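Just one chain follows, in the form predicted alone, and it is written as structure tokens.
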């Protein structure tokens, strides 16, 4: 008897959303429980319930003093960063028809990191902006980095082949990292803080950071979900997509801007966390198939799951010390990158 191939998930409706949301809530609760001080699952749920209903936390005072001001904002930021990076990776892979496209492999994250490092090292301030210059600089540098990388790749190879984009991305990453290192060297008393941040860390994040990430993800995610059908059309080529009525220039510009904003905001808060946008969309594409109407929301949830697990490992594996979360994701991502690259070349 022949093995039946698993049917891909054909739609992402209310039932699927609720199922993925319940799994996410359980993971968030577990990540909030576990740490240098272990908090019972039931106490964590009680703290959440009391916070939502406005009841007194007197019966779980110790748990609430750890969860609400320290762990919960961090876990929320991890969840939103994972979702944002994974969504960015899935969209870029669809636009470029390249399974290796991701903020880290294309060099966009390095560009955003360079912008943020400049803002932090020189103490740049933009008046009237509540979230400071770090976020704005990271967004601007990620946008121009993406434009530069794709423009150079197109000049060298009009077909935008995998090898050309990756080569330009690696060269640009080295270039941006060199400049970042040069700036960090002269950062003085900020040296230690910036160095740890560049390796990827969400230590010390707060509810303001979580709110910024959540609002950014809501707006950019909504825009990208709205062009899911157009991204499906890109699978048959730009010319064919244009022939069936897709405004190719508008879609490309929208993707460039939204991906730059998502990566820029994420990097400004979390530092460089690599390979999230590479691993999760590729992993879940096997489950959903190539339909972006399903792939985008599933990748977003998958990115949140993946980064929450990585953050939990980074906090607990060497307790009481904490590893940079970027170290954990890079270890997992490097193996996945080799696997995906091997199968991509094999299929050519």
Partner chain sequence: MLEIKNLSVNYGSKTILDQISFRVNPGEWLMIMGPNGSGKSTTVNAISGGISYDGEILLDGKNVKQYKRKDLAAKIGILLQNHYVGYGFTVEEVVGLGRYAHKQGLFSSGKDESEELVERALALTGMDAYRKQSILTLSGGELQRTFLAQLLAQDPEIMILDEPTNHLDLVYQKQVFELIEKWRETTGRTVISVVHDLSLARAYGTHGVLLQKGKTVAYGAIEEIITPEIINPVYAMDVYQWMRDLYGQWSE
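The structure presented is a predicted model; accordingly, all values stated were derived computationally and were not measured. Residue numbers count along the first chain shown, from 1.
Just so you know, the form predicted together with the partner chain exists too; it's not on screen, but the next bit is about it.
Checked against the partner chain in the predicted bound form, the candidates 151, 203, 243, 163 yield a single residue with a heavy atom inside 4.5 Å, and that residue is 243. Exactly one listed residue, out of 187, 140, 236, 174, brings a non-hydrogen atom to within 4.5 Å of the partner chain in the predicted bound form: 236.
Although the partner is absent here, residue 134 sits far enough away that none of its heavy atoms falls within 4.5 Å of the partner chain in the predicted bound form.
In the predicted bound form, the partner chain sits beyond 4.5 Å of every heavy atom of residue 50. Heavy atoms of residue 216 never reach within 4.5 Å of the partner chain in the predicted bound form, leaving it off the interface. Though the partner is left out of this view, residue 40 does not reach within 4.5 Å of the partner chain in the predicted bound form, counting heavy atoms only. Stretch 96-104 is the contacting one of 96-104, 174-182, 203-211, 74-82, since its residues have non-hydrogen atoms within 4.5 Å of the partner chain in the predicted bound form. Contacts of stretch 142-156 with the partner chain in the predicted bound form, defined by any heavy atom lying within 4.5 Å, are made by none of its residues.
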